[in-house]
Structure formats: C-alpha cells, structure tokens
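Only one chain is shown below, in structure tokens, and it's the form predicted on its own.
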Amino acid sequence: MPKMKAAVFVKKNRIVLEDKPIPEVGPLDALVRITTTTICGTDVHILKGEYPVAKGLTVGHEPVGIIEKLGSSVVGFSEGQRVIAGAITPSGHSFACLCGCASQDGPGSKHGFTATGGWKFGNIIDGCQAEYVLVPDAMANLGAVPDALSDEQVLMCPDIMSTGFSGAESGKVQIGDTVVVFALGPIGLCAVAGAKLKGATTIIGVDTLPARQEVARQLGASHIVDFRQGDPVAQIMALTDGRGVDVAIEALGTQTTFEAALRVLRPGGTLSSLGVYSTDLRIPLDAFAAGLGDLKIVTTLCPGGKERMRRLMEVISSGRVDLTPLVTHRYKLDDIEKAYELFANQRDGVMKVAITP
C-alpha cells in the first residue's frame, strides 16, 4: 500500500512525523495532495494534552492543495485542480445543516449539542499536516482557488480568516460601530479585518506585542490598548468617553478577557466570543447588570463549506484584505517538530507558520 508522511499525535507533548497509508477514496470523497498548510493554536492544545484526540491521528485542519483523485460520485471538480477546504466540513444534508447551522454538523449533532461541532480534520478524522488529506463530502467542501492567488494568500481562509470574520458577523457589527478585539493573535487580527469590512469606524485592539499591534493597525485598528500599561477596561472606557463599545470580540478564551469584554459593553451591546475555554466561565453580577442590561453573548464556530470558502477568497481577490503578513515563518513538513517547538513556545515573533511538503 502506498505511504505518505504525516504529523501524528503520539502522546502528550509528542507529535512526530510518521509514514501512514495514503487514504482510499470513497464515492463522495476527494484525495487532496497538500501544497501548503499551517499549525493552529488548537493543534498546540492537542500537543499539550489539553484537548483529547486519538493516538495515531494525523493533526492539522488548514489545507491548501491539488486534487489527486476524485470519488466516483463527485461532480463539479477535476483532478489537478487547486483547492482549499474549510476546517469545518459539513455534509450539506444533516440535521444541523438543514436547520441553518452547518458548522455544527458533527457526529453528535443529530442528538443535540456537540462541543466540537463539525470540526473533523485533525480531530475525529486524519488531518492535513501530511502529504495528502482525504476531504469528506467533497462537493460541499472543496473551494476552487483562483489562479491569480498564491497558496499563502488563501492559507488563512480554511480556519483563521473564517473564524475571525465570524466574530464580527455574529456580533452584527454595523456601519459606524465601535468595536474592541481582545487579543491580537491570528484570529483576533482577522476579527479586526472583519470588523472593518462590516463597517466599524472605531476599532480598538488589545494586546502588548508590538508586532501584533502593527499588523492590527494595517488591518484597520484605529486604537491600540496595551494591557501592561494599565487596566484595559479603564483605557477602553476612556477612549469611548465612558459610553462603552457596541461589540466586544473575545479572541483568547480566558476568564480575564471574557470578563473585560463584558465590562466594556454599552447598554444593549454584544459580546461576540471566539475563544475556546478550558474551564467554566463566571459572569459577574455587576458586569451583567444582574441580567437586566439587554446585553447579548454570542458564540461562533468557524463556518466552513465551499460557499464560505468562495466568499473569503473573493475578499482576498478584491484586495480589500491582505493576510499574508500573518505568515511569519516557513518550514518543510520534514521539520514539523521544529515548527511545533517554535509555535508552541511563541518564539521569534511567530504568528503563523506555513508548512510545505
């Protein structure tokens, strides 16, 4: 059986490159030869044992590649075509999809809530930090990449861009809004870009790293709050003349940032949560106005599917957003363990790492 190289979860603090069989293609699948992928913060949670996956699983969920083989029932695509697929891979016909929440199309969706929703790559099926990845329900999930766009230009679309933009979309940012984004990692930076596209005219980014502050300004942030220079809540309220923000986007996943996001909302404002939380959250009585403040808390899982991918690539093609500055480091798949060591320890100003077989 033909083999491929793949980054495999072995045990806590150990992801290694191994040889695995190249997947067999079912009728609705597509086998994609990976040309570029990357490491996500969620992959680091897997590496550290903070998020459980099966031993032997290939990790990674941000694929750019070329169709190597199509399933017998797949139409509308051709072998040799350059494509991406979202980190979330809905079937298009599940209960979750048909009730308008395709991102939750996972194994438990027909029974009710499932914490991981439709996230399959590198979670419940083999992912894309490998030479090949098998894309399920290919007709619902493959997005054809325009010839004019490079791999790195579309590399953020499968997850980071889709997630960050969804923070602004779910928060229902409007023209003239004031928006704050807590934590300017890759998702937070994409949330800044999404808020600008949605019409926000004042965008406040909260972070302490100068390189991330600079990229945030490039993507549309009008103000930067450095939490090491004083209470960020007080700084944000001062910037808004005590009014508060229309939408607060929480992009880190901690009690501290969640609570701060709640405290800076104007009356009737919206907290749009993108963070992945590892412990129970507490909602302070005063910040929540004892439940009487007309406040809204919304959560979002990265939207996937081919139409989402098409729209994101249209944004890139239009030139309205350039996310290539987020790619700060590049490694070959053979050096994936070095890439993880760099990314997991956030050394050398790393934001995103491009991995190429």
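One-based numbering along the sequence shown. Computed from a predicted model, the values in this text were never measured in an experiment.
Missing here is the form predicted in complex with a further copy of the same chain; even so, the following discussion is about that form.
| Asp246, Asp207, Asp126, Asp159: which sits within 4.5 Å of a further copy of the same chain in the model of the complex by any heavy atom? | Spelling it out, the residue with a heavy atom inside the cut-off is Asp246.
| Contact residue in the model of the complex, chosen from Pro267, Pro146, Gly80, Gly230 - any heavy atom within 4.5 Å of a further copy of the same chain | Answer to the contact question: Pro267.
| query | So which stretch, 126-134, 146-154, 207-215, 161-169, is the one near a further copy of the same chain in the model of the complex (non-hydrogen atoms, 4.5 Å)? | reply | It is 161-169 that comes within 4.5 Å of the partner.
| Taking the shortest heavy atom distance, is Phe288 within 4.5 Å of a further copy of the same chain in the model of the complex? | Because a heavy atom of Phe288 falls inside 4.5 Å of a further copy of the same chain in the model of the complex, the answer is yes.
| 4.5 Å heavy atom contact, Gly41 to a further copy of the same chain in the model of the complex | Because no heavy atom of Gly41 falls inside 4.5 Å of a further copy of the same chain in the model of the complex, the answer is no.
| message | Please tell me whether any heavy atom belonging to Ile297 falls inside 4.5 Å of a heavy atom of a further copy of the same chain, as the geometry stands in the model of the complex. | response | Close contact exists here: in the model of the complex, Ile297 approaches a further copy of the same chain to within 4.5 Å, heavy atoms only.
| query | Glu307 near a further copy of the same chain in the model of the complex, any heavy atom under 4.5 Å? | reply | So Glu307 counts as contacting a further copy of the same chain.
| message | Gly71, Thr256 and Asn345 - do all three of these have some heavy atom no more than 4.5 Å from a further copy of the same chain in the model of the complex? | response | No: none of Gly71, Thr256 and Asn345 comes within 4.5 Å of a further copy of the same chain in the model of the complex.
| What residues of 164-183, in sequence order, lie within 4.5 Å of a further copy of the same chain in the model of the complex by heavy atom? | Those in contact are Phe165, Glu169, Lys172, Gln174, Ile175, Gly176, Asp177.
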